[in-house]
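This document opens with one chain alone, in structure tokens, the form predicted on its own.
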Amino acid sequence: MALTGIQIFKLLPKTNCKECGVPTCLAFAMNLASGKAELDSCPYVSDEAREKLAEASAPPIRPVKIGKGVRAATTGGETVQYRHEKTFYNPVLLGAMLGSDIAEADLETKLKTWNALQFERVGLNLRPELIALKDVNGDKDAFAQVAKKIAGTSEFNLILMTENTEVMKAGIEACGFKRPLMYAATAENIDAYAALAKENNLPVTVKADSVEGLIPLSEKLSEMGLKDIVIDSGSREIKQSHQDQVTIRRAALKDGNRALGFPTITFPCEMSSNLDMETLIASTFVAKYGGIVVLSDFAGESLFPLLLERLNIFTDPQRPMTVTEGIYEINNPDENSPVMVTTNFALTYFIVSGEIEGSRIPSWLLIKDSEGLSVMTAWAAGKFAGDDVGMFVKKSGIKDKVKQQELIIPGYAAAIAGDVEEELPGWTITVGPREAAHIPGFLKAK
């Protein structure tokens, strides 16, 4: 049962050191009780108190780490039903299915293709994380061989899918070093799977025929000391599966049901016979509330929109999306190409850079840090002032890349032209269009 703020306060060191970010231990205790702070923020809490507080301070949906190394990923850990209440923390993990009977040549081709699927967006590298290896015929040697190949030659982490204990053992022996997710413990095999998960320190999935059926299974694993649990309500019908996701999330967050306080796994690949429909279904679970979404295949045209949806949903709504300050080359500019400047608000960058790219005119685009504000807002807030822009242009190093000294500023920031000229003697300051859509015609006219 969760502790109150006062109960938590009694277990804290009461130093009022402020190192946790709030003025007093009492304020920190209240934040901890309401889920607005993490216990690790207190550097002086004792081990004994930490153990007592761990359960109270744990998020209502347990974070579960899958994989090892630089590609290790975490699912779960959410504290709110809706993103605007606070934020979502751990993005949905995307996986694709492979059968254990796949030919070696086909496996190599798949892995080579899938490894190359990564996309640059807002300065971030977007890519899927998981391969779900499904036992097709009960051949443990074939299962282990494919698991070893995936673990050794790809950057993907694994989900080992079999309800056969011997096959699961073989898979763990082959790729246990990558900390795969075991799928799935059921009422029939839960004792054997719990022992395997505990022995190898692996996360494990429990699967039932309904949300209610999950409760005794997850409770049994928890009583055995297993905490890294993923849950599957078993439904493969779209409407019911969606309802299950909402029910599980509400039960964990609103009702405090710890037996359902775990991330979920969903299988759009088992709900449709074509990848296009799978993608539509997957987009539903990216939004509400899959922890892991498994497709039948990865294809750029379906994966990219899912990655973008995930990025948008799991971006903190209280922090604007930004791009890195610096010089961006568009259409292979040279020393005679025009130089433009704008803010680092991601939407501004993508609209402006897209219009420049569409014009096919080689250009230099300078992105100034404006704390993620658009041009008008940044100018009004003093984050895109003339002297600051001029100083940024000096320090950017663009002068070493071009012969001509003309700077094109956004039309909405025309008022800063004089200040920029004062800061950049010898430069010509040109006021560009107010609307990005007019940039191609403006550049072509020049």
Partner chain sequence: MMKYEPPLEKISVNIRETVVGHGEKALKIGGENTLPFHFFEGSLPNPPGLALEILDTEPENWAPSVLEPFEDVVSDPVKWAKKCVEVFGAEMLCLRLLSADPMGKNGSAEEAAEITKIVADAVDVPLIVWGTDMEEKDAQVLTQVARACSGKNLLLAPLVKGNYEEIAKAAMEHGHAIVAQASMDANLTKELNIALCKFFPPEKIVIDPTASALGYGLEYTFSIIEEIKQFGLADKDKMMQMPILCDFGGDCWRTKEAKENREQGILWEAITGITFILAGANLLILRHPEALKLIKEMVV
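What you are looking at is a predicted structure, and each value in this text was computed from that prediction instead of being measured. Positions refer to the first chain, counted from 1.
There is another form of this protein, the form predicted in complex with its partner chain, and it is not shown here; the text below is about that form.
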> Residues in which of 109-117, 229-237, 349-357, 138-146 have heavy atoms within 4.5 Å of its partner chain in the predicted complex?
Replying inline: 349-357
>> Can you tell me if residue 300 lies within 4.5 angstroms of its partner chain in the predicted complex, counting non-hydrogen atoms only?
In response: yes
> At the 4.5 Å heavy atom threshold, is residue 345 in contact with its partner chain in the predicted complex?
Replying inline: yes
>> At 4.5 Å between heavy atoms, is residue 326 in contact with its partner chain in the predicted complex?
In response: no
> Is residue 127 close to its partner chain in the predicted complex, meaning a heavy atom pair under 4.5 Å apart or at it?
Replying inline: no
>> Is it the case in the predicted complex that 83, 121 and 257 each bring at least one heavy atom within 4.5 Å of its partner chain?
In response: yes
> Within 4.5 Å of its partner chain in the predicted complex, heavy atoms considered, which of 309, 173, 369, 155?
Replying inline: 309
>> Within 4.5 Å, heavy atoms only, which of 220, 71, 198, 250 is in contact with its partner chain in the predicted complex?
In response: 250
> From first to last in sequence, which residues of 272-295 have any non-hydrogen atom within 4.5 angstroms of its partner chain in the predicted complex?
Replying inline: 276, 277, 279, 280, 281, 283, 284, 287, 288
